[in-house]
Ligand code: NAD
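Next up: just one chain, as structure tokens, the form predicted alone.
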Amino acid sequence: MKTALITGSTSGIGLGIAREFAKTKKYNIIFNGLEANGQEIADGIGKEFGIGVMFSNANMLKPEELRKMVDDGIKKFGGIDILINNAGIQHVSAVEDFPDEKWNAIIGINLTSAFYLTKAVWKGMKERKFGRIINIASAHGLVASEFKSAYVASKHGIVGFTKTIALEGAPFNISCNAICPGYVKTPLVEKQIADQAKTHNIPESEVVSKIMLYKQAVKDFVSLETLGQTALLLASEHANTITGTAIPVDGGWNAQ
């Protein structure tokens, strides 16, 4: 079995991707998140699908904790074959009111943590001549929206980072790709509804249709299963020539 490390995998998109990987029964999974019951979530999926699991509550803002998570995963499973940099946070605010600490946290969690983790798994991937690094970016890694300066900057940054790592990894059968989802109904998005209503001065009931899905041709949230299956394709041995891409999974948002 191969081993996948998925950050932010005890809730939202990360948990959805982890479940799709677990269903195949071909991957051990290293779970990561700050949920108090993270170990319980990991153990539950391990038992449900009969796979090996590990849980780490490593903080994305603390590089020493990220390195320890990787080291512990290698000790337990022998190596890390797939790295999915998914952990992320969001804040919606006009730039003049945007808190400095929110900017730093968003860039640190959404972008800089991917650098630390990629660096930590790189040696082992090179030695085994196999690695799949998948960065969960966003439609906002390809286009911008107002009031999301830090998030858009971080996601554009992760797309650029993806391209660089793809070039460096190509001689060693290490691919790197970004998945760029539109809106997915997760706790992160649910929390944005109130923020968006306040920022745009509209009722919360109108946020989904008038703000969130307005730019999508398909007026529906992206499903967790779709993202998980996309990640599984990119993680496969057959995807070695798919690298350096930023794949929109956004209901046609970027087709406009």
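Since the model is a prediction, treat every value here as computed from it, not as a measurement. Residue numbers run from 1 along the displayed sequence.
The form predicted in complex with the ligand is left out here; the points below concern that form.
Novice: Only one of F77, F130, F98, Y183 comes within 4.5 Å of the ligand in the predicted bound form by heavy atoms, so just point that one out.
Specialist: Flagged contact: Y183.
Novice: Which one, A194, V218, I202, L34, lies within 4.5 Å of the ligand in the predicted bound form by heavy atoms?
Specialist: The option sitting close enough to the partner is L34.
Novice: With the partner left out here, check for me: in the predicted bound form, does some heavy atom of I89 sit within 4.5 Å of the ligand?
Specialist: Flag for I89 set to yes.
Novice: For M60, is any heavy atom within 4.5 Å of the ligand in the predicted bound form, or not?
Specialist: Contact with the ligand, yes.
Novice: Answer with yes or no whether G50 is in contact with the ligand in the predicted bound form, where contact means some heavy atom within 4.5 Å.
Specialist: Although the ligand is absent here, G50 would stay clear of it in the predicted bound form, with no heavy atoms inside 4.5 Å.
Novice: Taking 4.5 angstroms as the cut-off for heavy atoms, does L142 touch the ligand in the predicted bound form?
Specialist: Residue-level check for L142: no, no contact with the ligand.
Novice: Can you name the residues of 149 to 164 that have a heavy atom within 4.5 Å of the ligand in the predicted bound form?
Specialist: Contacting residues: Y151, K155.
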